[in-house]
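What follows is one chain in structure tokens, specifically the form predicted alone.
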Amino acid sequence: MSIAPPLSPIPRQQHHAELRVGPTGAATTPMLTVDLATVRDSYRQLQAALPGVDLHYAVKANPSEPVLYVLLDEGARWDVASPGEIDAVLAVDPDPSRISYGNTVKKAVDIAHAHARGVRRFAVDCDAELDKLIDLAPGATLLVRITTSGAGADWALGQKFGCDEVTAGRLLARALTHGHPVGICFHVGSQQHDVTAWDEPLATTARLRTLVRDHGSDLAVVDLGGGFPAHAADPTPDVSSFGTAIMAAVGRHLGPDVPPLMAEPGRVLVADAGTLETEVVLVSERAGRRWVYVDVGLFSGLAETMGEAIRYRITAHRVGRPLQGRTADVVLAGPTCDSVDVLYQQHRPQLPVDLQAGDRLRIHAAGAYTTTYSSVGFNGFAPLREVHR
């Protein structure tokens, strides 16, 4: 097996390292294991569900080099959020034309770096950012990001990104005046459950397309964003159901002359490939409730449990065999000396009543946004390790 660091890819030849084991011979925890065959299968399923759509992998979901190589082999393109991600991608795929810089908040120096490296597609959602792009990325394709409600998503994106339709129209007109090809992008929220969530932003896109055409041009690309869900604790429609609904909405609002389409899948490509193994540190009764403390928490990879937004599937085992029998709901908490390091209080996962310190939990569909969220050493706990198979 190979181990990658938690925050950024490393050169391919350095991925082999000794796997640490405890006194029983089991690998020490916490540790994320990513099945690369599942990453490949997930990409193929989404590609089949969205025919003709260029899939730009959201590198922030899991930037480990083995994952990038698998997706490159499948023909993936790239959605990046920083110069570090640009450099990591170009170390694997030297063609910068396959990169879209999707972050709408960029330093001027970062725009200049991206443009110097050959990136020619950028997202924007306000006049101040557009000013920087006009100045530092001449001729680049600019995707104006429109806001969405985020309804139906477990991890809604709030008001940090996107602009209203009137603002979007003004930005598109300004970009066209300065000689930029233009597009529209949006994101319906991560871990989206509603297959119709794309309908409203596509209707807005169609109206904005009319404005672009009135300026004698057309949309160079429409970015459908991400949001495609993994198999967490709550049931979700399968990826083919999302594909059917999205492509129908595209045809309804943009057809028959559909502009080039792209999407930014992240979670759906890597989450189900990852299993996070963690050790039970303590089981205790507190104020009439059963608390289970494990050696991974909010600061070591499970930041998406904030607000209990992402609810993972969890199973228990002892010395490699499943724990069966009667279960009860628990409060699940991390190991750090910080009172906010509590994963679930309302969700109340069901775990075996005979669970004890030293047993293991497996947190499923954890291949996305875990190692990348892990702190560099809060309370002295090591960052989450990632192993590929």
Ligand SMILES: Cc1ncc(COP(=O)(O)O)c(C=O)c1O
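Worth saying up front: this structure is predicted, and the values here are computed from it rather than measured. Numbers for residues come from their place in the sequence shown, where the first is 1.
From this point on, the text means the form predicted together with this ligand, which you will not see here.
- In the predicted complex, this ligand sits beyond 4.5 Å of every heavy atom of residue 40.
- Taking the partner from the other structure, this ligand in the predicted complex has a heavy atom within 4.5 Å of a heavy atom of residue 266.
- Of the heavy atoms in residue 58, some are within 4.5 Å of this ligand in the predicted complex.
- At a distance threshold of 4.5 angstroms between non-hydrogen atoms, residue 145 is in contact with this ligand in the predicted complex.
- In summary, among the residues 274, 102, 297, 183, the only one with a non-hydrogen atom within 4.5 Å of this ligand in the predicted complex is 102.
- Contact annotation: of the candidates 157, 208, 119, 232, the single residue with a non-hydrogen atom within 4.5 angstroms of this ligand in the predicted complex is 157.
- Contact with this ligand in the predicted complex, defined as any heavy atom within 4.5 Å, is confined among 165-173, 224-232, 242-250, 129-137 to 224-232.
- Remark: all three candidate residues (187, 190 and 369) come within 4.5 Å of this ligand in the predicted complex, counting heavy atoms only.
- Residues of 301-325 include none with a non-hydrogen atom no more than 4.5 angstroms from this ligand in the predicted complex.
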